[in-house]
Every structure is written in structure tokens, then in C-alpha cells.
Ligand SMILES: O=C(O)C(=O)C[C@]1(C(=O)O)C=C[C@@H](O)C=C1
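Below you will find one chain, with nothing else, as C-alpha cells; this is the form predicted alone, and questions on how it binds or moves follow later.
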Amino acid sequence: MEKKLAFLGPRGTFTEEAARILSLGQKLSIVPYPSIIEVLEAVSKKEVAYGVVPMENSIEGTVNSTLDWLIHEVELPILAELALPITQNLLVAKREHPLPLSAITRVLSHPQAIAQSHNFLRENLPEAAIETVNSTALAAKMVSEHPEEPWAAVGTRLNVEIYPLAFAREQIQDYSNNYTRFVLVGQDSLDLPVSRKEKTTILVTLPEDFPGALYQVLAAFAWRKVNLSRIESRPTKKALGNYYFVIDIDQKMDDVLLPGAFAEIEAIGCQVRQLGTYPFYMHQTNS
């Protein structure tokens, strides 16, 4: 029986693009879910085998709902990570005569897509009304369903495959280095392609009343020459000023270095929880 992979929907989102890439060569059917929480809950309850959700955008920062749910609500290991270039496009309904930019009266999209294309929209569509909706895919769907209206959507290239839409302008994002990190989670292992880079993510809880505890944590990795690519604090939700620290380590779990570092950290009263050790993929696109 074919296993299912859930992704943050609806159809046509960047998360679907990530899900398609991560499921290449796997016997998986991909299924949209309406929210990040519902994706993670579906995997946790074994309604589906795997899930793909966004973790961080290079412009907008961490997707808090993903990180918080993985920390507080579910026990799901990270199996893989994909960095996907985010290219925003201005999409209009297909029509006999192309719709000029000057004729567009309304632009719909997700708030992040609008923010990532702010300069283009301000310079090229200063008179158009900007309306935010729940996803770029929903915006594309709404525009496709009203072909008589001079509307446009900001969204993915994938939407042109799904809906009767055309490009009014391609690659309108303000920054060319706009990437989103997506994570694949699941309770069962997958036979994934070999990657040039491996990562391990841990959650560290510092002891109370231990001055310099975070310094000691970092020192345990520094003297072992283990590189850390991300350190982020998240509230423990137990008391004001209490935080977990999420740390990305640029190597996979081994038998010596990382266990030694974890033991040193735990010796000063810290708690260490592994969120996953997994391959990291950087996707390249010509779009």
C-alpha cells in the first residue's frame, strides 16, 4: 500500500514544490492539509507516514508554529531538510489579449509573498489594491476563477500548471537570495539520496541559576571544532524569561564527538533532546 506524505496546502504552494522534490524516487502520494499544525498532527497520529512543513525563510525568519509544535506537541524526528529558492511571480488569468500591468486593479497573495515583492508592487502597480489571503495558492485560484476581472496573484510557477493562469511578470521578488528551509518529518525512516551535507538539530534546556550556562554549552562544541549553523531561543511556556535553545550542528550524529559534547552539557545540568540527524539538500532552479 502506497504511503502518504502530507504538506501544507492547498495545491500550488511552495511547500508542495518541496514535497514533490523530497518525495522523488519514493513510493509516496502527496496530500494537502490546511495548516502546519494539521500536517504535524496527521503524521503524529499516523494518518499519514510523513509530512513536509516550512521551518525558516531567509528573509522573514523562523516559522514559529512549526518549531513550537515540534518542541511542545509532537515527537517527530526530522528526516531531511531542503533549502528551496523562493521565486515570486505575478500571475493573471489566461485571456485572448495579455493584461497590461497598468490595467491590474487588485493583487492578491499571502502576506509573506506580498512583503517579499513589496518593491516591485510599489513601483509597477502603485494604484492596485493589495489584498492578503491565506496562501499564494488560494490567491492564484481566486484569480483563475474570475478571468473577467483585472486581478493578479503573486505566487509560484507551480500555479500555472494547476490553474488557467499566465505570467504577467516572472521573478518579482525583491531579493535573489530568498530561500525557505523545509523539513521532512516522520516516524519511519526513508531511503533518501546521499547528501554532501548532514545536520543534527538539538533542543537544549539550561539549568536554572547557573550563570554562564549558555557559554558552557557553546564551549563544549567550540573546543571540539564542531560548527553550529543556527542557535535560536524559544519560550519554554513555563515562565517569563525561560527559554529552550534550538541548535543546528553541521554534522550527523556520530559515536564520539557529539555524544561527548552532549555529555559535557548534561554534566552542568542541561537537558539535551535530539530533534533529528538528517541529510541537507540545496535545490537549484533556473526559474
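One rule holds for the numbers: they count along the sequence shown, beginning at 1. The term rigid core refers to the maximal set of C-alpha atoms that superpose within 1.5 Å between the two forms. This structure is a prediction, so every number in the text was calculated from the model and none was measured.
Another form, the form predicted in complex with the named molecule, is not on view; read the next lines as being about it.
For the residues T236, S229, N57, S233, the 4.5 Å heavy atom test against the named molecule in the predicted bound form is passed only by N57.
This chain appears without its partner; in the predicted bound form, the one residue of T201, S144, Q173, Q112 with a heavy atom within 4.5 Å of the named molecule is Q112. The named molecule is not shown here, and in the predicted bound form it never comes within 4.5 Å of any heavy atom of L28. Although the partner is absent here, L5 sits far enough away that none of its heavy atoms falls within 4.5 Å of the named molecule in the predicted bound form. Though the partner is left out of this view, S117 does not reach within 4.5 Å of the named molecule in the predicted bound form, counting heavy atoms only. The shortest heavy atom separation between T180 and the named molecule in the predicted bound form is within 4.5 Å. Contact with the named molecule, judged by heavy atoms within 4.5 Å in the predicted bound form, is confined among 186 to 194, 117 to 125, 98 to 106, 84 to 92 to 84 to 92. Applying a 4.5 Å heavy atom cutoff to the named molecule in the predicted bound form picks out L8, T13, F14, T15 from 1 to 33, in order along the sequence. Core-superposed comparison between the shown form and the other one: the C-alpha position of L184 differs by less than 2 Å. A115 shows a C-alpha shift of 2 Å or greater between the shown form and the other one [criterion: core-superposed Cα displacement of 2 Å].
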